[in-house]
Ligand code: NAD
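Given next, in structure tokens, is a single chain: the form predicted alone.
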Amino acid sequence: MAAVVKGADVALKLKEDIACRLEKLRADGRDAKLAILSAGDDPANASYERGIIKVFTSLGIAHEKVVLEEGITQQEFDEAFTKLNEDASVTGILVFRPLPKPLSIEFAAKTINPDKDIDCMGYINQALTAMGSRECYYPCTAEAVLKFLEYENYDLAYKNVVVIGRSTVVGRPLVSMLISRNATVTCCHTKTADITDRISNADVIVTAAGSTGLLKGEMLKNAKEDCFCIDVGINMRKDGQGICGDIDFESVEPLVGRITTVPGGVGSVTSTLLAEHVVRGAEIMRR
């Protein structure tokens, strides 16, 4: 039976550090503030937004949401973004993506202040992440995976890690982040023909494909008994009652050493890291 690593425990450690840093900022007469920008109110973002607001409210970090009507022009969107980008009170900007068509994120990605780019939307932070830099903002969900490993004091050197997923938000940046920490990484995806063979020697498996039940127990019969499975997938259950991950928990859990759940896993850590990045932005702007 696997040990379940809870997101709440990982997030609590992060929140304690954030609270101390906020206190120092405010003693210096500064504060942190998040601006969320969205074009239209996409229901798909509702769960993520609720988690963000809950974390920011509990930490006492200011946040505002700017909702632009669907059907706005590219120029109107870019102007709204520029206003936030130039607002000295805003220390972090989060743009809900994907934008409704035909809007493009390109202008925002090119022009965002790298110190406000708290979820690695901009090209500068994306490039630094790909180059293995540790002096940049990582995508929060990908970084959450690292925080689970750090919480468990997991040394990645000489370890085999399989990442299932190749999105620019999680899979691809996570591969770079893991390699920079001396892991040996294999990237699979939903079109990989022999995932079962590729995970047979894995010390860590990260699922980030957005495919319900992608990783099943039958695929882990030859896997290491102490394998750590981290579920990043967010999917609606077939019955419409809540969310689930990419891992078929009931069949996988008895076969591995450590595992995370959905919900109750990576999501809460992602929202907390967003808060940490906003505070970091305030610290940078203070210098």
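Numbers for residues come from their place in the sequence shown, where the first is 1. Being a predicted model, the structure only gives us computed values, none of them experimental.
Just so you know, the form predicted together with the ligand exists too; it's not on screen, but the next bit is about it.
Practice prompt. Indicate whether the ligand has at least one heavy atom within 4.5 Å of a heavy atom of Thr270 in the predicted complex.
Written response: Flag for Thr270 set to yes.
Item to complete: Answer for Val232 alone: is it within 4.5 Å of the ligand in the predicted complex, judged on heavy atom distances?
Response: Judged by the heavy-atom cut-off of 4.5 Å, Val232 is in contact with the ligand in the predicted complex.
Item to complete: Answer with yes or no whether Lys216 is in contact with the ligand in the predicted complex, where contact means some heavy atom within 4.5 Å.
Response: So Lys216 does not count as contacting the ligand.
Worksheet item: Quick one: is Gly92 in contact with the ligand in the predicted complex, heavy atoms, 4.5 Å cut-off?
Response: Residue-level check for Gly92: no, no contact with the ligand.
Worksheet item: Is the ligand in the predicted complex near all of Thr141, Val169 and Thr190, within 4.5 Å of a heavy atom of each?
Response: Per the other structure, all of Thr141, Val169 and Thr190 touch the ligand.
Item to complete: Would you mind picking the one in Ile195, Leu84, Ala202, Val175 that has a heavy atom within 4.5 Å of the ligand in the predicted complex?
Response: Contact residue from the list: Ile195.
Worksheet item: Here the chain is shown alone; which of Thr111, Ser211, Thr184, Ser133 has a heavy atom within 4.5 Å of the ligand in the predicted complex?
Response: Checked against the cut-off, the match is Ser211.
Worksheet item: Any idea which of 259-267, 21-29, 6-14, 272-280 reaches within 4.5 Å of the ligand in the predicted complex, heavy atoms considered?
Response: Of the stretches listed, the one contacting the partner is 259-267.
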